[in-house]
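This document starts with one chain, in the form predicted on its own, laid out as structure tokens.
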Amino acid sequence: MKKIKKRFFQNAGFASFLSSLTAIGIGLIFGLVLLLLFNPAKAFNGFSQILFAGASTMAKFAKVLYQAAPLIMTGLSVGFAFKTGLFNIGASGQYLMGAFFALFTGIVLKQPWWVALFSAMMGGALWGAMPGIFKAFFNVNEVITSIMFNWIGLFAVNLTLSNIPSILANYYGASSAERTAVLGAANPSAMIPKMGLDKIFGASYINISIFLTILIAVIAYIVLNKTTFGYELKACGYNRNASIYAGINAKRNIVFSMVIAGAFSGIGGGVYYLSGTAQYTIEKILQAMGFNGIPVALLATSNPLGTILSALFVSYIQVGGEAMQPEFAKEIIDIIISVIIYLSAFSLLFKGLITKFLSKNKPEYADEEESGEVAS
């Protein structure tokens, strides 16, 4: 009796991994070329900073982990929606709502960090539900509504914060009225605990948020791939009409998908601003963290476990880009980082080409008999 043994390199996951590496490699090569054009004498030194600065000291590696935590959550937000057939471009607005709910709960209501983080999750879920409801019941494209709710969320948060004096920095004696209060002064219990990580890494801002977000990513992977609920969500994404015919409540699952995606972004805003380091600034621009979740999800091909690695990579090159100053202007660094990040959008194209190439290899056949003949 013949048994088919599938080659490892024909696995879809392996093809996804190769496509992501291809995107990263091309992006890094483009960055090196750009550095050579602007400053040939220091190009290779600057490029080495991109490659190695993030791991050069414990403090810089701590910054990689610190920045990766919210990136994991916004990447999960976009990737989870992708997996269910939706494009959540509203992660930025959901991130802002999560940040606001977390800061309000921690500073005004004086609640501990875990309550504030739960509040951030609920704020993001609420903002994610809006595009989901419009999509499910009125068939309004979620891209349009999520973009609109990004800006509605931004100005709603700014307006609300401006009218709550007790949440602003000047209420606690600071000179600025454009920033929220430092948690260390307003409510130390609202800060996510460090559990000795600050002493290990020698950085005051590192905390357990990176471990919390990795745990959430693992749970998201299990839900999507190992549960009936996750199967129904993905079924609606692959073919909504077929899932309805099979008895799946498509409208409910569309709303649930966007609620969960919004909750992930909300947690991202919570873990960033509950660190005790970051302060929300009242500005008329959307946070880049929400949009950076899109290339993180694309680089991970929407796999929750892959999102962990892609978020760490994006955070790593950002730290390396900062280390290139002052030899290179900030604008050059931003261009290089942007190209590397956004080239990840081509990882899906690379995956298709790699899969097509690998599929030309025939699978191995392993017979029960060494001679290859079937036993009679």
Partner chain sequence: MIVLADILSATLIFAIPLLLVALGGMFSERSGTVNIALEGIMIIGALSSSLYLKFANTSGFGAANPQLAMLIAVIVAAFSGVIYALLLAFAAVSLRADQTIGGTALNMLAPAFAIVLTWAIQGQGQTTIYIPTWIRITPEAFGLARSQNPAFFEALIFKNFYLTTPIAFLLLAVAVILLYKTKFGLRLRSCGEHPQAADSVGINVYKIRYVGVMMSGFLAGIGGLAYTIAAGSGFQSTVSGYGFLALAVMIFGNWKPVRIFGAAMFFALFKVIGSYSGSLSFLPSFSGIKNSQYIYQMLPYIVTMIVLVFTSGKSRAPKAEGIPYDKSKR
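Residue numbers count along the first chain shown, from 1. Values in this document were obtained by computation on a predicted structure and should not be read as measured data.
This protein has a second form, the form predicted together with its partner chain, left out of what is shown; the following refers to that one.
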Determine which one of 196-204, 116-124, 254-262, 143-151 lies within 4.5 Å of its partner chain in the predicted complex, judging by heavy atom distances; exactly one does. 143-151
Is there a non-hydrogen atom of Pro295 within 4.5 angstroms of a non-hydrogen atom of its partner chain in the predicted complex? yes
Within 4.5 Å, heavy atoms only: does Leu215 come near its partner chain in the predicted complex? no
Though only this chain appears here, would Asn45 touch its partner chain in the predicted complex if you measure heavy atom gaps against 4.5 Å? no
Exercise: Met191 in contact with its partner chain in the predicted complex, heavy atom 4.5 Å: no
Can all three of Phe38, Ser162 and Ile335 be found with a heavy atom no more than 4.5 Å from its partner chain in the predicted complex? yes
The single option of Leu51, Met58, Ala329, Val33 touching its partner chain in the predicted complex, heavy atom within 4.5 Å: Ala329
Using heavy atoms only and a 4.5 Å cut-off, determine which of Ala169, Val223, Ile282, Ala235 is in contact with its partner chain in the predicted complex. Ile282
Could you list which residues of 55-90 come within 4.5 Å of its partner chain in the predicted complex, counting heavy atoms only? Phe87, Ile89
Quick one: with a 3 Å or larger change, is the Pro295 to Ile337 CA distance smaller or larger in the predicted complex? Answer closer or farther. closer
Since the Cα-Cα distance for Ser338 and Met324 shifts by 3 angstroms or more in the predicted complex, is it a contraction (closer) or an expansion (farther)? farther
